[in-house]
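Have a look below at one chain only, the form predicted alone, in structure tokens format.
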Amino acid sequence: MTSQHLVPVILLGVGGVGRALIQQILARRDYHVSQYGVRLEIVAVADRNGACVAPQGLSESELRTIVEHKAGGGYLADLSFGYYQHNVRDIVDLEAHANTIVVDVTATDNTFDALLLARERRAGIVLANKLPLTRPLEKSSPLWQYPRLRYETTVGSAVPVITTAQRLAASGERIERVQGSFSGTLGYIMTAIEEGMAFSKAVLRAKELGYTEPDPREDLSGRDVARKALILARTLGWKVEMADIRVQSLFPEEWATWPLEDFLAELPALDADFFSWRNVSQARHEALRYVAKLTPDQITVGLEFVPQTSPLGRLQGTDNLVEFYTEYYDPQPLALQGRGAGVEATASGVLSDIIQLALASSSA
């Protein structure tokens, strides 16, 4: 019989990525045991005000009930084996130890104290949530300096952008610039416009497909791309703050405070501008893209016209593209391309981070 290294997992967040992660852990459990001798046991799952906890591991039946219940819009506290909680730090305090892996797939900054506690307990930490890593460096440095942190999916979903950046930084190779399309959501919208779809319809379609955040303004404001650029820059060793990044929003600033329904209803007012930009780009044999550009001196994110024949110009759908121009990769960059949106791909990347941490722990 294959020996098993049992790894307790605390899951913070049961949205689309969290539910997909639970399903992937269950579907691949036998594979992980046979291939690596690692068995992941989900001992706690928490949403914004509830939790389900089982120190020996939630059963497969309970986990499938959680997935179904949350997909239907329910709360964990309403389940027969759930209870109310208003601070996920308490869940980490209850269940985390050095062998545990705490996984944050939320989109909130409210998990930060829980993650610091996980660090104190020497637990592994896996993040899909970008917010803890984009706090001011003075506050977020305990996480950045923690060797048992993994955060691959914060930039590029399951595309290994972070791993590549870490390897380049570790080599001491001079990084001259990084550029690309860091948002599968905005990539989808831009190519939909290119194919003749109105901007407003492209946004609504992306939302229906689950490509956008629950509030698409997180994507359309450029904030999400800016956070990815910040995380990537910090991974490369650049001391950068969010205020240092120039960000172009795709909607007027005053719309940011409107109720979501009002914002979505007003989107058609922007269609004419995007049709005009599309016509200009086509007349110039260029493509309209939302581009991030990083150098040690400046980071910008916003709309750009790029040659249709360039890698960015040829990019389609939700694919991300990241190009590293370095001491040895210039003029031809080191390029990474792949699916950049969708909960399944992100969950797969999170699961890979969990297994890597588990293996490092078992061999230590």
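We number the residues from 1 along the sequence you see. Here the structure is a predicted model, which means the values were calculated and not measured.
Form predicted in complex with a further copy of the same chain: not shown, discussed below.
Shown without its partner, this chain lists 62, 41, 319, 304 as candidates; in the predicted complex, only 319 has a non-hydrogen atom within 4.5 angstroms of a further copy of the same chain. In the predicted complex, at least one heavy atom of residue 327 sits within 4.5 Å of a further copy of the same chain. With a 4.5 Å cutoff on heavy atoms, residue 160 counts as touching a further copy of the same chain in the predicted complex.
Using a 4.5 angstroms threshold between heavy atoms, residue 360 counts as touching a further copy of the same chain in the predicted complex. Interface membership of residue 196, defined by any non-hydrogen atom within 4.5 Å of a further copy of the same chain in the predicted complex, is ruled out. Stretch 171-179 is the contacting one of 244-252, 171-179, 197-205, 220-228, since its residues have non-hydrogen atoms within 4.5 Å of a further copy of the same chain in the predicted complex. Although a further copy of the same chain is not shown here, in the predicted complex the stretch 188-211 places no heavy atom of any residue within 4.5 Å of it.
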